[in-house]
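Just one chain follows, in the form predicted alone, and it is written as structure tokens.
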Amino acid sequence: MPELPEVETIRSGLAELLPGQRIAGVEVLLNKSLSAPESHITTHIAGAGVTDVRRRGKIMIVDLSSGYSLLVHLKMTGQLVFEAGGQQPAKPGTGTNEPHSCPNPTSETGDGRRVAGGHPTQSMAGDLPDKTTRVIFTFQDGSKLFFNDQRTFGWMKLVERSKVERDKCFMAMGVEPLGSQFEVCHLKSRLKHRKAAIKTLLLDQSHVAGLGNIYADEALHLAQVHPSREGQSLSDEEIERLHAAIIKVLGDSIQAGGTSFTSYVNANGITGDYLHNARVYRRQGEPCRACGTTIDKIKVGQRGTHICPNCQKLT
């Protein structure tokens, strides 16, 4: 499942392309992939302009000029693939004030770019729609946005923008680990006096939003904390190290383009390469980059977990 860096990488790519686009039509190929009545699709999506692309945790938020927002969760196998049409959208802030208004596309010729993110499969580079395509958004300039999902666990949901933060998928979500509210004191309050394994606590989205298996392993190794230790066993110094490590590994991954982001320009792929420099994740049997000890893979809370037995001692 894409974690915060992957979703943020997709978001930032789409944020350069979608704002200013006006949606000409929506084709829903699998009803459960877009949770919205047909009347709402016609009234609040078709004809609306895209005004912003945001993120909360692992969920993207596409704001529309109709006063509604599309929430997008890619889950295990979801993809978003944007194919540029013959025109590029105008920069935000140059539109009209008519209902559903959004900056109108300019007459500049598009470059045919394809930008894709999510679960890496051939659908990112192949002809679309294909058998994994669930929803197609067509824009006035001929560009298209495909929501592909092989296993159909992902979803899109239409919500009134004023009610987005109160939606049930956000109500219990913790703070953003790259936001100003993620302070050492917050992490301490979430870990102290907890008997659960520290990795299990980090994967709980009510504590830290967007953190998943990859970056929990990476942060715990950088902080030199064994993932099986109880939260209550960590000292203040260890929590401070873990706090700094979470921020660093997420920032490093975003800078590297995540682990599963692909940007296609005339079908030439450039893949996110964070895992090429990962500290422990998927490196079992290889030497630790810090001390040379062989990386091991264990189970913590039924999740595959990568550790350095020397850097991350259990006791």
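All residue numbers refer to positions in the sequence shown, first residue = 1. Worth saying up front: this structure is predicted, and the values here are computed from it rather than measured.
The same protein has a further form, the form predicted in complex with the DNA, not shown here; the description that follows concerns it.
For L178, no non-hydrogen atom is located within 4.5 Å of the DNA in the predicted bound form, even though that partner is not displayed.
Heavy atoms of Y281 reach within 4.5 Å of the DNA in the predicted bound form, making it an interface residue.
Remark: R161 does not count among the residues lining the DNA in the predicted bound form, judged by a heavy atom distance of 4.5 Å or less. Contact check for A196: a non-hydrogen atom falls within 4.5 Å of the DNA in the predicted bound form. The single contact residue among Q140, Q224, S233, Q150, judged by any heavy atom lying within 4.5 Å of the DNA in the predicted bound form, is Q150. When you look in the predicted bound form, the only residue of H276, R54, K32, K248 with a non-hydrogen atom within 4.5 Å of the DNA is K32. Heavy atoms within 4.5 Å of the DNA in the predicted bound form are found in exactly one of 181-189, 235-243, 140-148, 203-211, that being 203-211. Residues of 291-308 lying near the DNA in the predicted bound form, listed in sequence order, are K297, K299, Q302, R303, G304, the criterion being any heavy atom within 4.5 Å.
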